[in-house]
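Coming up is one lone chain in structure tokens, specifically the form predicted on its own.
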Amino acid sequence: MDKFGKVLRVNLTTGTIGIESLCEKTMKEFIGGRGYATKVLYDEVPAGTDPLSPQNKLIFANGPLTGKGAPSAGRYMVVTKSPLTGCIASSNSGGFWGAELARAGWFMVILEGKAPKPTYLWINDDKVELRNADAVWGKDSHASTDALLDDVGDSKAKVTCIGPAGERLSKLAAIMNDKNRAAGRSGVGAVMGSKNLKAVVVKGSARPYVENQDEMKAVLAGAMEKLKTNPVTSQGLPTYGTAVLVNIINQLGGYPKNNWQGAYFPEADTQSGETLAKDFLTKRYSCFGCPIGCGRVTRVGDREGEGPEYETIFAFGVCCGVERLEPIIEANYLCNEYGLDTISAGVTIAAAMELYEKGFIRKEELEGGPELRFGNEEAITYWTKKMGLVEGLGRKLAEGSYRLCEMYGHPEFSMTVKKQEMPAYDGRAIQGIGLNYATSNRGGCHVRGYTISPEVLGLPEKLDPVDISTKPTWVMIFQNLTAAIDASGMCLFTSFALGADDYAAFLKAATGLDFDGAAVLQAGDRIWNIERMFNLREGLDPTNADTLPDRLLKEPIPDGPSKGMVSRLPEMLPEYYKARGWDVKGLPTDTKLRELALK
């Protein structure tokens, strides 16, 4: 097996399959995963490329730790140009697919062109072939996975695929692996659908290469001790999953209600992680090599599935004014089957509800469907189906809330940054996360700089969520660290207990390259800056893009513990640019780019 793994390049137009080696210099500078793939995309996809054209590329990329014994190191990235935002898309997923790709000896799969008919890629160790996917085109992700495993004749193979939303080019389409794990954000599933690529099925039989096994075991022992003694990774997440945050964030007054018209939900406990565990949980789910086990397997009636996560409960619950968990869980199941990003899907329905209640979407446009009113349980499941099938009014919903609200002349109702829907923390109540949303390279996103950790959970130290004095520096550091973790193949949740030195030690043991904590953070800085360069090249104007919806900047929270607060983004943004070494307009300076060897 190649030391780092090989690169598989597939031209879907011609059917050509090629094998390439990784560049050790690029590995050291960009680590892998999100970093290495972004460098490839930046170098190979010209500015102005239509995201849904054959000229765009879709890259699946592991990190150098994926599948190699580090805790929670089963992650892979999907990197492409986003049809939702026009910016960089880099969506992360767990489960077992990434580790299986590593077992097959592959580090990265670069997909180019467009297949002439529905196709799937079958990777069986070093045997690679394109196969006809007519029989599964149109099927949901669950049915497709079962059928493809039958087709390859190996039930232990792993499948990543799109559902109907991706086939029909919804800008909210996710790529699903292991049935219920999602590379969810930025419309990556639509790019896959635009290439007539239904799935990538992989089976591996080798043990991924580790440079120093003894060193890896020693580093693992120390990291496991930290994970076992950290209250979030050893108690909160295993017991209640990510939905442990529902009551915590609501009690702070930062739980966005009715499309961000409020930030406090008195009925929040009805949809909390505690209630989910008590009434619906059947078992925990752990991704490859994960000691945390935050995944939830739930049952509602005769339906069993995975989820919902905290973000999904927010999006279909409080954001849509829906209280009970049953319809939220059902909407989550539907998103997994149709292949939809649950955050963008739920928040888009919430925007539609506001448009409807204020008279801009007319009743006749619903064509007999349930009314789009806050609190209507039937609406969230019905319109999720329509969105997944891209039918009727669902065709407009499938474009995302920014385009939907723009169609009706009211973009101010779209709770997006760079046209991507914001997740479940109100940036008025929690100032650092608002700055993170505004500056995120992929638009509204919490996991690209999760300052909820210090601002709310007190890790690695407790920060006042309202105080802004140190937030620009904290946001920058968390963004850099997250970029490096994504590039490594480990899960972000390990950062509740681990720091840059721990990730460096794992990387050094696995690759033999001379990583330390400073090098890890610099690689994250480099990844962040090349993503920024990609976006600037695509026409992003920081003056208009590095911002939040006016609702967060100008409308104080109306009630609850954070009543009266607005985001203080205008005060934080100049300090953030300064901390990054950018100019006052948010452009990376020549000095900064030279420091990072990007110029």
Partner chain sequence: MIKVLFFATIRDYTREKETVAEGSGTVGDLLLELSDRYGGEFRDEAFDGDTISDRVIVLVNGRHIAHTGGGETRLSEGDTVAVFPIIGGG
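All figures in this text were calculated on a predicted structure; none of them were measured in a lab. Positions refer to the first chain, counted from 1.
Only in words, not in the display: the form predicted together with its partner chain, which the text now covers.
T242 is the sole member of T242, T416, T494, T119 with a non-hydrogen atom within 4.5 Å of its partner chain in the model of the complex.
This chain is displayed alone, yet in the model of the complex one of V300, L459, A135, L521 has a heavy atom within 4.5 Å of its partner chain; that residue is L459. By the 4.5 Å heavy atom rule, the three marked residues L8, M77 and E211 all fail to count as contacting its partner chain in the model of the complex. The chain is drawn here without its partner chain; in the model of the complex, the stretch among 512-520, 147-155, 382-390, 448-456 whose residues come within 4.5 Å of it by any heavy atom is 448-456. At a distance threshold of 4.5 angstroms between non-hydrogen atoms, E167 is out of contact with its partner chain in the model of the complex. In the model of the complex, its partner chain stays beyond 4.5 Å of every heavy atom belonging to G539. The closest heavy atom approach of M216 to its partner chain in the model of the complex falls outside 4.5 Å. Put simply, N258 is far from its partner chain in the model of the complex: not one heavy atom of it is within 4.5 Å. Contacts of stretch 244-268 with its partner chain in the model of the complex, defined by any heavy atom lying within 4.5 Å, are made by V244, L245, N247, I248, Q251, L252, listed in sequence order.
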